[in-house]
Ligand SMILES: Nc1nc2c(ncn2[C@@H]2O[C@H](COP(=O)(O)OP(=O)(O)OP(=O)(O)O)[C@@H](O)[C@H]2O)c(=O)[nH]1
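Only one chain is shown below, in C-alpha coordinates, and it's the form predicted alone.
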(Lines give C-alpha, C1' and ligand atoms only; values in the text may rest on other atoms or scores of the structure.)
Protein backbone atom coordinates (compact mmCIF):
# COMPACT_ATOMS: atom_id res chain seq x y z
CA UNK A 1 0.00 0.00 0.00
CA UNK A 2 1.32 3.45 -0.99
CA UNK A 3 0.25 6.47 1.10
CA UNK A 4 1.08 10.08 0.10
CA UNK A 5 0.12 13.59 1.20
CA UNK A 6 -0.59 16.43 -1.25
CA UNK A 7 -1.11 20.15 -0.61
CA UNK A 8 -2.86 22.53 -3.00
CA UNK A 9 -5.13 25.58 -2.98
CA UNK A 10 -8.30 23.45 -3.34
CA UNK A 11 -9.34 19.88 -2.62
CA UNK A 12 -9.88 19.27 -6.36
CA UNK A 13 -6.33 20.41 -7.21
CA UNK A 14 -4.82 18.22 -4.49
CA UNK A 15 -6.90 15.23 -5.63
CA UNK A 16 -5.71 15.82 -9.20
CA UNK A 17 -2.08 15.77 -8.03
CA UNK A 18 -2.73 12.48 -6.25
CA UNK A 19 -4.40 10.95 -9.30
CA UNK A 20 -1.53 12.02 -11.58
CA UNK A 21 1.05 10.33 -9.36
CA UNK A 22 -0.81 7.31 -8.00
CA UNK A 23 -3.30 6.64 -10.83
CA UNK A 24 -7.08 6.63 -11.18
CA UNK A 25 -7.57 3.98 -8.47
CA UNK A 26 -6.28 6.37 -5.79
CA UNK A 27 -8.52 6.73 -2.71
CA UNK A 28 -8.69 9.92 -0.62
CA UNK A 29 -8.15 8.84 3.00
CA UNK A 30 -8.37 12.24 4.71
CA UNK A 31 -8.93 15.93 3.88
CA UNK A 32 -7.50 18.71 6.06
CA UNK A 33 -7.98 22.44 5.52
CA UNK A 34 -5.02 24.62 6.53
CA UNK A 35 -6.02 28.16 7.49
CA UNK A 36 -3.14 30.54 8.42
CA UNK A 37 -3.53 32.26 11.77
CA UNK A 38 -2.24 35.53 13.20
CA UNK A 39 0.30 37.45 11.09
CA UNK A 40 0.68 34.43 8.82
CA UNK A 41 -2.62 35.44 7.16
CA UNK A 42 -0.76 38.32 5.47
CA UNK A 43 1.79 36.06 3.83
CA UNK A 44 0.14 32.65 3.38
CA UNK A 45 -3.07 31.67 1.65
CA UNK A 46 -5.41 28.91 2.88
CA UNK A 47 -4.61 25.48 1.50
CA UNK A 48 -5.95 21.95 1.53
CA UNK A 49 -3.93 18.88 2.51
CA UNK A 50 -5.17 15.44 1.49
CA UNK A 51 -3.91 11.99 2.37
CA UNK A 52 -4.23 9.58 -0.55
CA UNK A 53 -3.56 5.87 -0.83
CA UNK A 54 -3.45 3.13 -3.45
CA UNK A 55 -2.78 -0.60 -3.34
CA UNK A 56 0.84 -1.34 -4.12
CA UNK A 57 1.31 -4.13 -6.66
CA UNK A 58 3.39 -6.78 -5.06
CA UNK A 59 5.74 -8.89 -7.16
CA UNK A 60 5.17 -12.60 -6.87
CA UNK A 61 8.72 -13.38 -7.87
CA UNK A 62 10.99 -14.31 -4.99
CA UNK A 63 14.70 -15.01 -4.98
CA UNK A 64 15.94 -17.86 -2.82
CA UNK A 65 19.21 -17.39 -0.97
CA UNK A 66 19.90 -21.14 -1.02
CA UNK A 67 18.65 -24.06 -3.13
CA UNK A 68 16.15 -26.38 -1.49
CA UNK A 69 16.97 -29.86 -0.25
CA UNK A 70 15.96 -31.73 -3.42
CA UNK A 71 17.98 -29.40 -5.66
CA UNK A 72 21.06 -29.79 -3.48
CA UNK A 73 20.80 -33.57 -3.65
CA UNK A 74 20.60 -33.38 -7.43
CA UNK A 75 23.59 -31.01 -7.49
CA UNK A 76 25.64 -33.46 -5.40
CA UNK A 77 24.85 -36.36 -7.72
CA UNK A 78 25.53 -34.35 -10.88
CA UNK A 79 28.83 -33.02 -9.50
CA UNK A 80 29.95 -36.51 -8.48
CA UNK A 81 29.23 -37.91 -11.95
CA UNK A 82 30.91 -35.03 -13.78
CA UNK A 83 34.06 -35.15 -11.66
CA UNK A 84 34.43 -38.91 -12.03
CA UNK A 85 34.01 -38.63 -15.78
CA UNK A 86 36.63 -35.86 -15.93
CA UNK A 87 39.07 -37.98 -13.87
CA UNK A 88 38.71 -41.00 -16.20
CA UNK A 89 39.06 -38.80 -19.26
CA UNK A 90 42.22 -37.17 -17.89
CA UNK A 91 43.69 -40.59 -16.94
CA UNK A 92 43.15 -41.87 -20.47
CA UNK A 93 44.70 -38.77 -22.01
CA UNK A 94 47.77 -39.14 -19.78
CA UNK A 95 48.24 -42.77 -20.85
CA UNK A 96 48.05 -41.79 -24.50
CA UNK A 97 50.71 -39.07 -24.04
CA UNK A 98 53.10 -41.48 -22.28
CA UNK A 99 52.68 -44.12 -24.96
CA UNK A 100 53.48 -41.60 -27.70
CA UNK A 101 56.72 -40.58 -25.92
CA UNK A 102 57.75 -44.16 -25.02
CA UNK A 103 61.29 -44.97 -26.31
CA UNK A 104 61.98 -48.36 -27.97
CA UNK A 105 62.47 -51.21 -25.50
CA UNK A 106 60.92 -49.41 -22.51
CA UNK A 107 57.42 -50.86 -22.41
CA UNK A 108 57.65 -52.04 -18.79
CA UNK A 109 58.90 -48.63 -17.53
CA UNK A 110 56.24 -46.81 -19.50
CA UNK A 111 53.52 -48.97 -18.02
CA UNK A 112 54.81 -48.40 -14.48
CA UNK A 113 55.10 -44.61 -14.98
CA UNK A 114 51.65 -44.29 -16.55
CA UNK A 115 50.10 -46.36 -13.78
CA UNK A 116 51.77 -44.29 -11.07
CA UNK A 117 50.70 -41.02 -12.69
CA UNK A 118 47.14 -42.22 -13.18
CA UNK A 119 46.89 -43.28 -9.54
CA UNK A 120 48.11 -39.85 -8.41
CA UNK A 121 45.61 -38.10 -10.66
CA UNK A 122 42.80 -40.33 -9.47
CA UNK A 123 43.70 -39.65 -5.84
CA UNK A 124 43.74 -35.90 -6.50
CA UNK A 125 40.37 -36.12 -8.24
CA UNK A 126 38.90 -38.04 -5.31
CA UNK A 127 40.14 -35.39 -2.87
CA UNK A 128 38.65 -32.68 -5.09
CA UNK A 129 35.32 -34.51 -5.21
CA UNK A 130 35.32 -34.98 -1.44
CA UNK A 131 36.05 -31.29 -0.93
CA UNK A 132 33.24 -30.22 -3.24
CA UNK A 133 30.83 -32.64 -1.64
CA UNK A 134 31.80 -31.27 1.76
CA UNK A 135 31.06 -27.73 0.53
CA UNK A 136 27.68 -28.84 -0.80
CA UNK A 137 26.92 -30.51 2.51
CA UNK A 138 27.70 -27.26 4.33
CA UNK A 139 25.41 -25.45 1.93
CA UNK A 140 22.67 -27.98 2.62
CA UNK A 141 23.02 -27.54 6.38
CA UNK A 142 22.85 -23.74 6.02
CA UNK A 143 19.66 -24.07 3.96
CA UNK A 144 18.08 -26.32 6.57
CA UNK A 145 19.02 -23.91 9.36
CA UNK A 146 17.66 -20.95 7.36
CA UNK A 147 14.37 -22.76 6.72
CA UNK A 148 14.07 -23.67 10.38
CA UNK A 149 14.77 -20.07 11.46
CA UNK A 150 12.27 -18.68 8.93
CA UNK A 151 9.57 -21.07 10.13
CA UNK A 152 10.26 -20.17 13.77
CA UNK A 153 9.99 -16.43 12.98
CA UNK A 154 6.78 -16.97 11.05
CA UNK A 155 5.27 -19.01 13.89
CA UNK A 156 6.27 -16.32 16.40
CA UNK A 157 4.74 -13.59 14.25
CA UNK A 158 1.52 -15.53 13.79
CA UNK A 159 1.23 -16.26 17.49
CA UNK A 160 1.84 -12.61 18.38
CA UNK A 161 -0.81 -11.29 15.98
CA UNK A 162 -3.32 -14.12 16.35
CA UNK A 163 -5.18 -12.60 19.29
CA UNK A 164 -5.51 -9.21 17.57
CA UNK A 165 -6.69 -10.82 14.33
CA UNK A 166 -9.34 -12.80 16.22
CA UNK A 167 -10.64 -9.61 17.86
CA UNK A 168 -10.91 -7.80 14.54
CA UNK A 169 -12.46 -10.82 12.80
CA UNK A 170 -15.13 -11.06 15.50
CA UNK A 171 -15.95 -7.34 15.25
CA UNK A 172 -16.33 -7.44 11.46
CA UNK A 173 -18.47 -10.58 11.55
CA UNK A 174 -20.62 -9.03 14.32
CA UNK A 175 -21.25 -6.19 11.86
CA UNK A 176 -22.38 -8.83 9.32
CA UNK A 177 -19.37 -8.67 7.01
CA UNK A 178 -19.15 -12.02 5.23
CA UNK A 179 -16.40 -14.23 6.67
CA UNK A 180 -14.92 -14.76 3.18
CA UNK A 181 -14.25 -11.03 2.84
CA UNK A 182 -12.99 -10.77 6.42
CA UNK A 183 -10.39 -13.47 5.80
CA UNK A 184 -9.43 -11.86 2.52
CA UNK A 185 -8.75 -8.51 4.21
CA UNK A 186 -6.73 -10.06 7.05
CA UNK A 187 -4.67 -12.15 4.62
CA UNK A 188 -3.97 -9.05 2.50
CA UNK A 189 -2.39 -7.19 5.41
CA UNK A 190 -0.77 -10.07 7.31
CA UNK A 191 2.34 -10.27 5.13
CA UNK A 192 3.11 -6.56 5.49
CA UNK A 193 2.95 -6.56 9.30
CA UNK A 194 6.03 -6.72 11.49
CA UNK A 195 6.26 -9.67 13.89
CA UNK A 196 5.70 -7.37 16.88
CA UNK A 197 2.84 -5.32 15.39
CA UNK A 198 0.51 -3.84 17.99
CA UNK A 199 -3.28 -3.65 17.83
CA UNK A 200 -3.28 -0.04 16.58
CA UNK A 201 -1.04 -0.94 13.63
CA UNK A 202 -3.21 -3.89 12.66
CA UNK A 203 -6.41 -1.85 13.00
CA UNK A 204 -4.89 0.90 10.81
CA UNK A 205 -4.00 -1.67 8.16
CA UNK A 206 -7.49 -3.18 8.15
CA UNK A 207 -9.10 0.28 8.09
CA UNK A 208 -7.02 1.38 5.09
CA UNK A 209 -7.74 -1.89 3.26
CA UNK A 210 -11.51 -1.50 3.72
CA UNK A 211 -11.39 2.12 2.52
CA UNK A 212 -9.45 1.08 -0.59
CA UNK A 213 -11.85 -1.76 -1.35
CA UNK A 214 -14.89 0.54 -1.06
CA UNK A 215 -13.26 3.13 -3.29
CA UNK A 216 -14.58 6.52 -4.36
CA UNK A 217 -18.38 6.98 -4.67
CA UNK A 218 -19.82 6.97 -8.21
CA UNK A 219 -22.14 9.99 -8.27
CA UNK A 220 -24.45 11.36 -10.96
CA UNK A 221 -22.45 13.28 -13.57
CA UNK A 222 -23.93 16.79 -13.63
CA UNK A 223 -21.31 18.07 -16.07
CA UNK A 224 -22.28 15.83 -18.99
CA UNK A 225 -22.53 17.64 -22.32
CA UNK A 226 -25.60 15.71 -23.40
CA UNK A 227 -28.84 14.85 -21.63
CA UNK A 228 -28.41 12.04 -19.13
CA UNK A 229 -31.33 9.71 -18.36
CA UNK A 230 -31.05 8.29 -14.83
CA UNK A 231 -32.99 5.08 -14.13
CA UNK A 232 -33.81 4.01 -10.58
CA UNK A 233 -34.60 0.30 -10.28
CA UNK A 234 -35.15 -2.08 -7.37
CA UNK A 235 -37.72 -3.96 -5.28
CA UNK A 236 -40.95 -2.45 -3.97
CA UNK A 237 -40.73 -0.45 -0.77
CA UNK A 238 -37.02 0.38 -0.75
CA UNK A 239 -37.62 4.12 -1.23
CA UNK A 240 -36.89 4.77 -4.92
CA UNK A 241 -39.40 7.62 -5.29
CA UNK A 242 -38.23 9.45 -2.17
CA UNK A 243 -34.59 8.98 -3.18
CA UNK A 244 -35.31 10.50 -6.61
CA UNK A 245 -37.00 13.49 -4.95
CA UNK A 246 -34.00 14.04 -2.64
CA UNK A 247 -31.42 13.95 -5.45
CA UNK A 248 -33.53 16.03 -7.88
CA UNK A 249 -34.22 18.65 -5.20
CA UNK A 250 -30.55 18.91 -4.23
CA UNK A 251 -29.33 19.32 -7.82
CA UNK A 252 -32.13 21.75 -8.72
CA UNK A 253 -31.68 23.99 -5.68
CA UNK A 254 -27.91 23.91 -5.16
CA UNK A 255 -26.48 23.28 -8.64
CA UNK A 256 -29.20 24.96 -10.73
CA UNK A 257 -29.39 21.80 -12.83
CA UNK A 258 -32.23 21.55 -15.38
CA UNK A 259 -34.09 18.49 -14.12
CA UNK A 260 -37.15 16.61 -15.40
CA UNK A 261 -38.98 13.55 -14.09
CA UNK A 262 -40.52 10.46 -15.70
CA UNK A 263 -42.42 7.73 -13.87
CA UNK A 264 -43.40 4.31 -15.14
CA UNK A 265 -44.68 3.26 -11.71
CA UNK A 266 -48.33 3.34 -12.76
CA UNK A 267 -49.14 0.33 -10.60
CA UNK A 268 -49.20 2.54 -7.51
CA UNK A 269 -51.36 5.65 -7.79
CA UNK A 270 -49.75 7.00 -4.63
CA UNK A 271 -46.30 6.86 -6.27
CA UNK A 272 -47.41 9.01 -9.22
CA UNK A 273 -49.15 11.52 -6.94
CA UNK A 274 -46.11 11.68 -4.66
CA UNK A 275 -43.80 12.46 -7.58
CA UNK A 276 -46.29 15.03 -8.95
CA UNK A 277 -46.21 16.81 -5.62
CA UNK A 278 -42.41 17.03 -5.69
CA UNK A 279 -42.44 18.16 -9.35
CA UNK A 280 -44.91 20.96 -8.58
CA UNK A 281 -42.89 22.17 -5.60
CA UNK A 282 -39.67 22.24 -7.64
CA UNK A 283 -41.34 23.63 -10.77
CA UNK A 284 -40.08 20.84 -13.02
CA UNK A 285 -41.93 18.72 -15.61
CA UNK A 286 -43.19 15.19 -14.94
CA UNK A 287 -44.27 12.71 -17.59
CA UNK A 288 -46.07 9.41 -16.97
CA UNK A 289 -45.26 6.53 -19.33
CA UNK A 290 -47.04 3.19 -19.73
CA UNK A 291 -44.90 1.43 -22.32
CA UNK A 292 -41.47 1.52 -24.01
CA UNK A 293 -43.09 3.46 -26.88
CA UNK A 294 -44.28 6.14 -24.44
CA UNK A 295 -40.79 6.18 -22.98
CA UNK A 296 -39.19 6.85 -26.37
CA UNK A 297 -41.53 9.80 -26.93
CA UNK A 298 -40.84 11.23 -23.46
CA UNK A 299 -37.09 10.91 -24.01
CA UNK A 300 -37.39 12.92 -27.22
CA UNK A 301 -39.52 15.65 -25.61
CA UNK A 302 -37.13 16.10 -22.65
CA UNK A 303 -33.87 16.16 -24.58
CA UNK A 304 -33.23 19.84 -23.68
CA UNK A 305 -32.86 19.06 -19.98
CA UNK A 306 -29.56 18.24 -18.24
CA UNK A 307 -30.87 15.29 -16.24
CA UNK A 308 -34.03 13.22 -16.54
CA UNK A 309 -34.84 10.95 -13.58
CA UNK A 310 -36.91 7.84 -14.34
CA UNK A 311 -38.82 6.16 -11.49
CA UNK A 312 -39.59 2.51 -12.29
CA UNK A 313 -42.13 0.22 -10.69
CA UNK A 314 -40.94 -2.08 -7.95
CA UNK A 315 -40.61 -5.56 -9.43
CA UNK A 316 -40.10 -9.01 -7.97
CA UNK A 317 -36.64 -10.30 -8.85
CA UNK A 318 -38.22 -13.76 -9.13
CA UNK A 319 -40.65 -12.72 -11.91
CA UNK A 320 -38.93 -13.13 -15.29
CA UNK A 321 -41.67 -11.27 -17.21
CA UNK A 322 -41.48 -8.23 -14.94
CA UNK A 323 -37.69 -8.21 -15.23
CA UNK A 324 -38.12 -8.17 -19.00
CA UNK A 325 -40.37 -5.08 -18.78
CA UNK A 326 -37.67 -3.20 -16.86
CA UNK A 327 -35.01 -4.21 -19.38
CA UNK A 328 -37.10 -3.02 -22.36
CA UNK A 329 -37.70 0.32 -20.66
CA UNK A 330 -33.99 0.85 -19.94
CA UNK A 331 -32.97 -0.09 -23.48
CA UNK A 332 -35.08 2.72 -24.98
CA UNK A 333 -32.11 4.97 -24.10
CA UNK A 334 -28.65 4.33 -25.65
CA UNK A 335 -26.13 3.04 -23.12
CA UNK A 336 -23.88 6.09 -23.45
CA UNK A 337 -26.78 8.40 -22.51
CA UNK A 338 -28.02 6.55 -19.45
CA UNK A 339 -27.04 5.67 -15.90
CA UNK A 340 -28.75 3.05 -13.77
CA UNK A 341 -28.95 2.97 -9.97
CA UNK A 342 -30.08 -0.13 -8.11
CA UNK A 343 -31.79 1.00 -4.91
CA UNK A 344 -31.58 -1.47 -2.00
CA UNK A 345 -32.61 -1.29 1.63
CA UNK A 346 -29.88 -1.80 4.23
CA UNK A 347 -32.46 -3.67 6.34
CA UNK A 348 -32.97 -6.47 3.78
CA UNK A 349 -31.59 -9.92 4.64
CA UNK A 350 -28.23 -10.67 3.03
CA UNK A 351 -29.48 -13.77 1.20
CA UNK A 352 -32.25 -11.73 -0.41
CA UNK A 353 -29.84 -8.93 -1.30
CA UNK A 354 -27.62 -11.46 -3.07
CA UNK A 355 -30.53 -12.78 -5.17
CA UNK A 356 -31.79 -9.28 -6.00
CA UNK A 357 -28.41 -7.82 -6.95
CA UNK A 358 -27.38 -10.82 -9.08
CA UNK A 359 -30.76 -10.88 -10.85
CA UNK A 360 -30.59 -7.20 -11.80
CA UNK A 361 -26.98 -7.68 -12.89
CA UNK A 362 -28.34 -9.95 -15.65
CA UNK A 363 -30.42 -7.01 -16.92
CA UNK A 364 -27.95 -4.12 -16.84
CA UNK A 365 -24.87 -2.60 -15.25
CA UNK A 366 -25.72 -0.44 -12.25
CA UNK A 367 -24.46 1.66 -9.35
CA UNK A 368 -25.62 0.97 -5.78
CA UNK A 369 -27.77 3.14 -3.50
CA UNK A 370 -28.55 1.93 0.02
CA UNK A 371 -31.55 3.35 1.90
CA UNK A 372 -32.91 3.16 5.46
CA UNK A 373 -29.56 3.32 7.25
CA UNK A 374 -31.43 4.78 10.21
CA UNK A 375 -33.32 1.50 10.62
CA UNK A 376 -30.35 -0.80 11.18
CA UNK A 377 -27.34 -1.00 13.48
CA UNK A 378 -25.19 -3.07 11.13
CA UNK A 379 -23.98 -2.02 7.68
CA UNK A 380 -21.88 -5.03 6.69
CA UNK A 381 -24.25 -5.78 3.80
CA UNK A 382 -23.24 -2.56 2.06
CA UNK A 383 -19.67 -3.82 1.92
CA UNK A 384 -20.76 -7.39 1.08
CA UNK A 385 -22.88 -6.51 -1.96
CA UNK A 386 -20.23 -4.14 -3.27
CA UNK A 387 -17.64 -6.92 -3.03
CA UNK A 388 -20.00 -9.52 -4.52
CA UNK A 389 -21.11 -7.51 -7.57
CA UNK A 390 -18.20 -5.14 -8.09
CA UNK A 391 -20.82 -2.41 -8.63
CA UNK A 392 -19.72 1.08 -7.49
CA UNK A 393 -21.34 2.50 -4.35
CA UNK A 394 -22.94 5.92 -4.77
CA UNK A 395 -25.46 7.30 -2.24
CA UNK A 396 -26.96 6.36 1.12
CA UNK A 397 -30.19 7.68 2.64
CA UNK A 398 -31.72 7.81 6.11
CA UNK A 399 -35.14 9.19 7.06
CA UNK A 400 -37.90 10.73 4.91
CA UNK A 401 -36.88 14.39 4.91
CA UNK A 402 -36.55 15.91 1.42
CA UNK A 403 -34.04 17.14 0.28
CA UNK A 404 -32.16 16.20 3.45
CA UNK A 405 -31.34 12.72 4.76
CA UNK A 406 -29.15 11.74 1.82
CA UNK A 407 -25.40 11.76 1.24
CA UNK A 408 -22.69 10.17 -0.84
CA UNK A 409 -21.05 6.96 0.31
CA UNK A 410 -18.28 7.77 2.79
CA UNK A 411 -15.69 4.99 2.74
CA UNK A 412 -13.96 6.26 5.89
CA UNK A 413 -17.21 6.39 7.86
CA UNK A 414 -18.17 2.86 6.78
CA UNK A 415 -14.73 1.49 7.68
CA UNK A 416 -14.91 3.07 11.14
CA UNK A 417 -18.40 1.66 11.78
CA UNK A 418 -17.42 -1.83 10.65
CA UNK A 419 -14.48 -1.77 13.08
CA UNK A 420 -16.65 -0.61 15.94
CA UNK A 421 -15.77 3.10 15.91
CA UNK A 422 -17.99 6.15 15.52
CA UNK A 423 -18.94 7.17 12.00
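Positions refer to the first chain, counted from 1. For clarity, every value in this text was computed on a predicted model and none was experimentally measured.
Beyond what is shown, the protein has a form predicted in complex with the ligand; the following relates to that form.
For the candidate set 161, 241, 348, 143, a heavy atom within 4.5 Å of the ligand in the predicted bound form is found for exactly one residue, namely 241. Residue in contact with the ligand in the predicted bound form (any heavy atom within 4.5 Å), chosen from 178, 306, 339, 265: 265. Residue contact check for residue 400: one or more of its heavy atoms lie within 4.5 Å of the ligand in the predicted bound form. The ligand is not drawn, but in the predicted bound form it has no heavy atom within 4.5 Å of residue 334. Residue 49 falls outside the set of residues with a heavy atom inside 4.5 Å of the ligand in the predicted bound form.
None of the heavy atoms of residue 205 is located within 4.5 Å of the ligand in the predicted bound form. Residue heavy atoms within 4.5 Å of the ligand in the predicted bound form occur in exactly one stretch of 352 to 360, 368 to 376, 385 to 393, 27 to 35, and that stretch is 368 to 376. Heavy atoms closer than or equal to 4.5 Å to the ligand in the predicted bound form belong, across 321 to 345, to no residue whatsoever.
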